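Encoded as structure tokens, the following chain is the form predicted on its own, with no partner shown.
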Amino acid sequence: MKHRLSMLMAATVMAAACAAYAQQPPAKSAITEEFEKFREVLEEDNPAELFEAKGEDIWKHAKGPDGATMAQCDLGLGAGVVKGAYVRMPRYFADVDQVMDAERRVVHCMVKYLGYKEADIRKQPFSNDRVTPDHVSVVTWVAGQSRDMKIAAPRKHPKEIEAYNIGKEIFAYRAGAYDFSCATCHGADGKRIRTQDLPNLRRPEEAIRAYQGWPGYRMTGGFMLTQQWRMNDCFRQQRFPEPTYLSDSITALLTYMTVTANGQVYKGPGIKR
């Protein structure tokens, strides 16, 4: 009887230890740690600052056909208020009766106040080695105004809750030629592609990695890329049809991942390989 009791107690302790271990975030590989150190050194002189400067100039000085400026743009904290706005999006905007992520809102304001044509923006929504579109620079500057702030995307309005739930479903939805989903690569601990550790985006402490460093300066091309681009490229890699630019599906996915990362500190526009 004593032997059985000892075995039972040992098994209980082992199960508790395993459960505790399962709650801990996975350790980073040595390669990942070294690359993060390398990135930190590079970000001391991050070229993203050049795009931030261009975005600031557009925000503060560009005028639309009727003299309107981006000072009339409400990013969720009041007209013209930029400080801290990026880490509080996606969010519901009553003037359009929908949830918008930061890039979607910036494009909306540039069309409304500065006279940009949405059709023209859709022709070249993402940067390449020839051009970084104006709206990407503005998003980069807006993001920089939330540097070192905690992510605090709201989930109070019914449409914010709806977007979060839809994004959660999209994250887990399997389809396409390889029966992939976002969760295939980012839904469990300890996954890796070649030497690159893949974050488990269902963990708050890991979800920040889907947010951190975006917008990001791509070292291999010399241009800025945003979260909208990152999400579209993930769909491409899953062999899914790429979503329409500024689609509801991408906003919903960003809502789910951003809310999951709430409370984590955003360090500002970063550097990507």
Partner chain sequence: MNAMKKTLICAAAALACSAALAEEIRDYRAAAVAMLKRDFKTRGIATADRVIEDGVQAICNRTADNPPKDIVARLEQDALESIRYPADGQFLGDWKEGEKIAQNGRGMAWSDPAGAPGGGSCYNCHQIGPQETSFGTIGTSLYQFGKLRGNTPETQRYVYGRLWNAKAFNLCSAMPRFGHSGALTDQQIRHLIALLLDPQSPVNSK
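Positions refer to the first chain, counted from 1. Just so it is clear, the model here is predicted, and its values are computed rather than measured.
Not pictured, yet referred to below: the form predicted together with its partner chain.
Within this chain, Thr220 is remote from the site of its partner chain in the model of the complex, having no heavy atom within 4.5 Å. Interface residue remark: Gly78 is not counted as part of the site for its partner chain in the model of the complex, having no heavy atom within 4.5 Å.
Remark: Asp129 does not count among the residues lining its partner chain in the model of the complex, judged by a heavy atom distance of 4.5 Å or less. At the 4.5 Å threshold, heavy atoms of Asp57 stay clear of its partner chain in the model of the complex, well away from it. Partner contact region in the model of the complex: 161-169, out of 105-113, 87-95, 134-142, 161-169, criterion any non-hydrogen atom within 4.5 Å of its partner chain. Against its partner chain in the model of the complex, the set Ala177, Thr184 and Leu198 is in full contact: each member has a heavy atom within 4.5 Å. For the stretch 207-246, the set of residues having any non-hydrogen atom within 4.5 angstroms of its partner chain in the model of the complex comprises Asn232, Phe235, Arg236, Arg239, Phe240, Pro241, Glu242, Pro243, Thr244, in sequence order.
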